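Listed next as structure tokens is one chain, alone, in the form predicted alone.
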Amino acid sequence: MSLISRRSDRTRVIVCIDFDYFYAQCEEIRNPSLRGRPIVVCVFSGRTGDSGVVSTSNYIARNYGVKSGIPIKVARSKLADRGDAIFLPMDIKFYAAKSEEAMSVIRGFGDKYEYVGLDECFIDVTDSTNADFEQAKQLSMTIKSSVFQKTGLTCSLGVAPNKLVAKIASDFQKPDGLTVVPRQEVENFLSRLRVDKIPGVGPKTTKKLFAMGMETFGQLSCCDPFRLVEEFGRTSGICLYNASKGIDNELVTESGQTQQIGKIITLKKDASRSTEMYDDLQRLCRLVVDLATERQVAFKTIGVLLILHDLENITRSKTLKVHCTNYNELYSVAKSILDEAMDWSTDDAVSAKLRVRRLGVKLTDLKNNSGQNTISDFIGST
């Protein structure tokens, strides 16, 4: 059996829409006087003015080396010479509203629409463009214009025969870019790009590929796939090789607006015991189950996130046997996850070292539940 996937025989036209520096751009739209200044959107811990991490920044701040994930203190030091730099807290509710404004425009242009996140989605326009990339280019220009007129947001689009190449293309000419890669140009387009442009390839894999003499897609595509399987395992090795060839047969799926539902809060004080967080956990479970009900989805996987005082993350999850919409079932499972996550610290001396600062609950593996009941709706309420 061949290790390598075959390229789909049918020509598809897929568009990836990626909103530019989304959170920071939303802040510019809300307050136009911020334009031209370095903007840093942060996850503040609430302890001190500099405690927390950067969520995103606009391109002016990025030019100074400010990027997501770095401590706010480090970001401030990088922008020390910019007296006009502004550091803002995340406002997810506002960003979600702007995202939905834009998504409501985009959905009308696609034969199929797939929501990826607040700032990204895919549409399949194969039928509406007769699989013609020139028509797709004109359609994409219309999408960009329509989104901007409706929301003030700029976005970068990639048009390609599959989701992988469309995703890579959407990042090629940011911000406010449009990159079209017809099927016959895929190999040439990818060949000179660095391997870290492959979605999901991080610093460790990049470093290993570089050490193997494969810095570009072109070099990777010439590698013996069996060597990649040997180095990275069967699944990852095959994915890397197929990606280097621009092969991706994954369809745009009508996933609705939400692929996950989550809420996170900062505790009033650090917690070292699960019992200290039960009230907050109940509140989080009620919030997310209400969102699930509002969006008419059922969930199957429940996750609990702990962010410690040093910003280290602990994530645990459990998957139910059937999809569920019931609050009691959700809280029962989330409580058991929290108890297990904290269980190792039964000794008081050890417990004191585990200080939870923020607590979150996330629902994934969602499915549309409009007009339906799940088994857990009945067994979870007894």
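Quick caveat: nothing in here was measured; it's all calculated off a predicted structure. Residues carry their position along the shown sequence, with the first being 1. C-alpha atoms forming the largest set that superposes within 1.5 Å between two forms make up the rigid core.
FYI, the form predicted in complex with the DNA isn't displayed, but the following is about it.
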Check your understanding: 199-207, 80-88, 274-282, 101-109: which one contacts the DNA in the predicted complex at 4.5 Å, heavy atom to heavy atom?
Key -> 199-207
**Study point:** Position in contact with the DNA when the complex is considered in the predicted complex, options Cys223, Ile261, Leu251, Ala131, heavy atoms within 4.5 Å
**Key:** Ile261
Check your understanding: Quick one: of Val74, Leu193, Leu118, Val180, which gets a non-hydrogen atom within 4.5 angstroms of the DNA in the predicted complex?
Key -> Val74
Check your understanding: Would Gly65 sit within 4.5 Å of the DNA in the predicted complex, counting heavy atoms only?
Key -> no
**Study point:** Heavy atom of Asp365 within 4.5 Å of the DNA in the predicted complex
**Key:** yes
Practice item. Consider Ser236 of the chain shown here, and say whether it contacts the DNA in the predicted complex, taking contact as heavy atoms within 4.5 Å. Key: yes
Check your understanding: Do Arg12 and the DNA come within 4.5 Å of each other in the predicted complex, heavy atoms counted?
Key -> no
Exercise for review: Superpose on the rigid core, then tell me if the C-alpha of Leu178 is displaced by 2 angstroms or more between this form and the one not shown.
Suggested key: no
Review point. Rigid core fitted, is the C-alpha displacement of Ala24 between this form and the one not shown 2 Å or more?
Key: no
Practice item. Could you check whether the CA atom of Val201 moves 2 Å or more between this form and the one not shown, using the rigid core for the fit? Key: no
Check your understanding: Are Leu287 and Tyr115 closer or farther apart at their Cα atoms in the predicted complex than shown, with the shift being 3 Å or more?
Key -> farther
Practice item. Tell me whether Lys268 and Val74 end up closer or farther apart in the predicted complex, going by their C-alpha atoms; the shift is 3 Å or more. Key: closer
